[in-house]
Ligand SMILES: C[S@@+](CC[C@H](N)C(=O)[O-])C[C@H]1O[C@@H](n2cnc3c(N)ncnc32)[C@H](O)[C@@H]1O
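In the block that follows, a single chain appears as structure tokens, in the form predicted alone.
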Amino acid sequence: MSKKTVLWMLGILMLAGVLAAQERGGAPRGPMRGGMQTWLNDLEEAYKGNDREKMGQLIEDMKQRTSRMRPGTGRPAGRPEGFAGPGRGMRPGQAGAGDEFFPNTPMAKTDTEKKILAVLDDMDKNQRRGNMNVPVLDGRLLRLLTETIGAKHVVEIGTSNGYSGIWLGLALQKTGGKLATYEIDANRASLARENFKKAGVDKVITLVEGDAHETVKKIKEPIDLLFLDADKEGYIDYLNKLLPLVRPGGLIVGHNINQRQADPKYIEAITKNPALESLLLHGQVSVTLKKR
């Protein structure tokens, strides 16, 4: 049996689980073809490249989507969550995710914000595949947290193509702050620089290329917000090196904090330290306060 056949069988089984859950809940079948095809293509690409981390992310994502379709979730009839089209990465609270009682689409207050949101939307539609970007809602959360605490110095580990960095840059344009973002892959770093310039946030962002485990040692100034979205087993090392620089009242945000991907050592470090207060949001984003 070929690799592609195995992948398609896995996808069909998961799709059957979603449809069965819809039938049990009495909801009609919504159009899923675009999202499932994209998911299968991404899984095949990860399998061919032996990218276990990416395969884990994709399978965990599908598990979360199918679990949300079980009876009692209160989801209305229509398109299943997360299948709004190729790579849309939707979650509850986003436009089209079924929360009609709480309209929640990003709205631009200024022409500058309109331009940035347009670039983000284009990236979400056309660059998501292969870049493991945060979902739209998580990007919006990063912007909200950064602007709320008036961050002046944000550090991001894991730039990818710059999607989350632009959400952070949007907030930093309002706070007068700067982002230092770290990426080990040269191709993604190059794409990120193009996207930063296109969005007009390049002046508030410094991209550092190389192994962040080494390059972060050069950071000396206090950090207001630290965002971790790189090698999951490396989170504890980043935390150990940078927590002393996080200011009292500052935040550490971790992505992909779920049962399959998160390093237990990192979870223990942010939940067992009396100097920290941590919450888990959306089932995969940890927000940790360094207490004053």
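Start at 1 with the first residue shown and count on from there. Worth saying up front: this structure is predicted, and the values here are computed from it rather than measured.
Unshown form predicted in complex with this ligand; subsequent notes refer to it.
Only one of the listed residues (P103, G210, P222, G176) places a non-hydrogen atom within 4.5 angstroms of this ligand in the predicted bound form, and that residue is G210.
Residue A230 is the only one of I257, A230, A46, L226 with a heavy atom lying within 4.5 Å of this ligand in the predicted bound form. Heavy atoms within 4.5 Å of this ligand in the predicted bound form are found in one stretch of 163-171, 198-206, 145-153, 108-116, which is 163-171.
Within this chain, V136 is remote from the site of this ligand in the predicted bound form, having no heavy atom within 4.5 Å. With a 4.5 Å cutoff on heavy atoms, R188 counts as touching this ligand in the predicted bound form. Interface membership of A180, defined by any non-hydrogen atom within 4.5 Å of this ligand in the predicted bound form, is ruled out. By the criterion of a heavy atom within 4.5 Å, I184 is counted among the residues contacting this ligand in the predicted bound form.
Taking a 4.5 Å heavy atom cutoff to this ligand in the predicted bound form, the one contacting residue in 233-249 is Y238.
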